[in-house]
Every structure is written in C-alpha cells, then in structure tokens.
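Have a look below at one chain only, the form predicted on its own, in structure tokens format.
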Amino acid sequence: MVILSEWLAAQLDKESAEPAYRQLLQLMQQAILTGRLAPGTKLPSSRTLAGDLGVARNTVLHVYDQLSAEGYVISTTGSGTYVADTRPDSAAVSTVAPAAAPADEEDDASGASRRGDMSMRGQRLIDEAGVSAKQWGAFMPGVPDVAEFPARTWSRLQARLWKSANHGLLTYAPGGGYRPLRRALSDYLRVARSVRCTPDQIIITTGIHQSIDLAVRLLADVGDRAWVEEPCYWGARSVLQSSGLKLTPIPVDDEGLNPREQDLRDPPRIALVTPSHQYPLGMVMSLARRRTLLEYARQHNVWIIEDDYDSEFRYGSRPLASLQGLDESDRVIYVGSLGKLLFPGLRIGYMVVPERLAATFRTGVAELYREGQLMQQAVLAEFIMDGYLTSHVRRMRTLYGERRQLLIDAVTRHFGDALPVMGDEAGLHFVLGLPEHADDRAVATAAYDAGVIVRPLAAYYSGRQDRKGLLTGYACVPHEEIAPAFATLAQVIEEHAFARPEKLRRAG
C-alpha cells in the first residue's frame, strides 16, 4: 500500500489547474488498466490514502465512488475496496497470430494498415475526394455571393417565428418536411421550372447529396448499374460509388448525354443526369435526347435522377423547362437545392418523386435521417411565399451576369481567342479551355499556390479526359477584384500551359 501511495504522490501535481480529484481518478484508472494494481488488490482506506497524499478525504471518497461506478473496483461493506478483474475474457480473444499484411500493402502516415482501417469503398472515396480546403474566393466555382443575401429580411422572418414560440417547430420534422414549405416549393417549381408536382410529392432533404443517397437506398441494390455523365460532378459520383453501385460513364456532346450502342444493350437501374445545365461543361440536353432518354427509361424500368443544377441563372434566355415536366411514365426523380440560390450553409434541398412513391420516400427520409431544421424550413417557407426568393434570384441573375461578362472580357484581354470559354450561358462558372498538351491539375495547383482557386476539369472525369480546362467561378468575386485576380491566373496559365506566352497576348 505504501508503494501505491508513494507512486500516486509522485505523479500528483498540486500546482496543476487540473483538480486533484480528476488527476487521482485518471492515475488509478491507469494503474488498474496497466496491471500496476493487479485484480484482487485491496486498496487503502480512504482516510489512509488521503493522509498519505495530503488531500481531503472527500476527494478520495469521490474517486473510489467513481471507480466503483465504472467497474474498476468492487466495494464490500465491512471488508474494503478491491481492484476488479477487468482483463479481457480469454474466450473472446483469439490466440492465433494475425496474418501478416501483404508486401504491397503500405501503411499510412500514422502507421496503420489501410486494409485494417478502411473499407475498399471508403478508401476509394478518400482517394478520389474532390472537396476543397477553401470554399470562397476568386475563382471558386459553384459558390454564390453570400454577402448579397438579404440577411435582414431573413432575420426579421426568423425573429417573428421565434416570437410565436411554436413548439412544433422545435421537434423532429414530419416525414417529407414542413408542409407549408413543400406547398411553397410546389408553387415555385411549377412556375419557374415547369415541374409537375403536388406538395405531397416533395421531400425536403439537406441537399443534393442526401437526395441522391435516399433515392439510391430506396430504388437500387448494391451491385446495380448506374449511368453517370462523363464528365460529371464528383460529389454525386462519390455518393453513388459509396452506395455500392457500379458506375458506367456515358459521354456527353453538344446535345448532352450520348449513350453508345453497347451502353444501351445493358440498361442501368439509375441514370443521373443534369439536362438543363450539364455539370461541369454547361451544355443543354436537346429535346430529342430528352425524349429518347425518357422512352428508354420507360421501356427498361430505369430511374432517372434529374439534378437541376443552378439552372435559374441563365443569361440572355429564360430558364429551361425540366426533364421531369416531359415525363409521362413517372420515371424521373427531380432533385434540387436552395444553397446556390440563397446560401450554401442553409443546407436545405428537395426532391420531387412520383406520386406512387411519395409515402415510401417520406418514411425513408424519416427512418434514415431523423430530419429536423423545422425552424429554418419555416423561415424559408415565409421567404418564398412573401416573394423574396423570386426577387432575390432576379437580382442575383443580373449581378452574376455582370461578373460573368467582366471575367470573359479579362480572358479576351489576356488570351484573345486562344483559350475557349465553354458553358457560360448559365450557372455560376464557365470552363476555361486549355491547350491539349496542358496539365490542368498542375495549373490548378499552381494557381492555388498563387492565391487563386480554380478546379481542373480532369477531376470530373472517371476515365479518359478528352478536354483540358479549368472550372472558373465568378459569382462570389466582387466586380473590382475580377481583373486583378484573373491577371494572376493568366500568369500561371502562361507559365504552365504555353511555351511562348508572349505570342498569345493580343497586341496593344
């Protein structure tokens, strides 16, 4: 017992900000777990240990009580306190030595075996992750200007709802989400996107990723095939792969998705498309292709997930009608998000499902995700119904159109027509083409080091890359910062993509 007291006294730091109770508890737990105190060892009385350590007896009593509550010791009235046997059950511990890792299996930086730590699909997700460490600045694609969001209006609506003290807004969301929001979205989508739906067909989610994840979980099994556009949004591809689907990249051309004959012979379970504004290249799926895809889906029981990516922001023409609005066979799951229209941190998206699946999806979203954020949903419903969403989208379309033109003008000043601008008719970014020999990943990395964010087009291909370019966003860049930021990017492009950049500058 003297040895224990001496060891504890040597370890106890009475000058530390950590309370003596916490230090003593952790020391004794450590002694028991490491075998310094063997099972069955009788501990000194609380009075004796307190005297040896120079601490209050209540401190030791509280430590003993906590050790007993956590199973480290057993206290018997009239007999004392003994160390419990906490050693692992030998029957549950294998005595067979673990198999050696294959010679080609490397450890990560922490020394842990990849095979032991990660599933194959988990490792693939991390290896192919496209998420950026920075989410704001020139020329981050796909990010709206949150500084222009009408925060005062939103705050006023939110304060009014909090003041009413509606307790129903503080619990879990009902299956499908807040009904007034679903009704408001139904009215908005019918007018703005030609989506045919009722409030019952709308399911509120946290965004595109969750919408796709829910659709895949309810409509497909592990090993089913899914068509994805080539190139396509890396986030959607990650969701599909992580769900265990086998992905078939389908090339796109100027008319959108263009499946080959061998693709058509093996119908997928799911086809994920961005028909109104292909991401990332920006083309629009032609009416003929849309009708062909819908008929193919009808004949082969294919589910189409239509990702209506930032199609409200079209410049020079009205927003295009949705694919879902043409669907007569109820094979389209329409998904969208309010993040690009308002602010990404809102994390509210939606999906429109066929009427016969509405109850199934309402149950599925409640069972899997236990949705909440009813207060945010209620504020958004008021925001839409009072007309603020429509006016905000109209104002931002004008603002983004101006910034888009400023950026195109900057490209022309530096490179003339040597670098093509692709997919600039809509959205929050365009693709700045690079010479065929250029390494767009290297250019993007060098630009990042220079303080400019762009994404390499290579990151959106899963197979052979047939175009080189940079996704260049303009929405979140103030007017006055566009020209100087692009001058920095232009210098990086000239250094990495051209052997003789002086010949590519326009005279004068």
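Just so you know, these numbers come straight off a predicted model, no measurement behind them. Numbers for residues come from their place in the sequence shown, where the first is 1.
A second form of this protein, the form predicted in complex with a small molecule, is not displayed here; the remarks below concern that form.
Heavy atoms of residue 354 never reach within 4.5 Å of the small molecule in the predicted complex, leaving it off the interface. Of the heavy atoms in residue 178, none are within 4.5 Å of the small molecule in the predicted complex.
Using a 4.5 angstroms limit between non-hydrogen atoms, residue 324 is distant from the small molecule in the predicted complex. Interface membership of residue 362, defined by any non-hydrogen atom within 4.5 Å of the small molecule in the predicted complex, is ruled out. The stretch in contact with the small molecule in the predicted complex, judged by heavy atoms within 4.5 Å, is 339-347, chosen from 339-347, 170-178, 244-252, 390-398.
For the candidate set 309, 430, 334, 139, a heavy atom within 4.5 Å of the small molecule in the predicted complex is found for exactly one residue, namely 309.
This chain appears without its partner; in the predicted complex, the one residue of 282, 207, 319, 199 with a heavy atom within 4.5 Å of the small molecule is 207.
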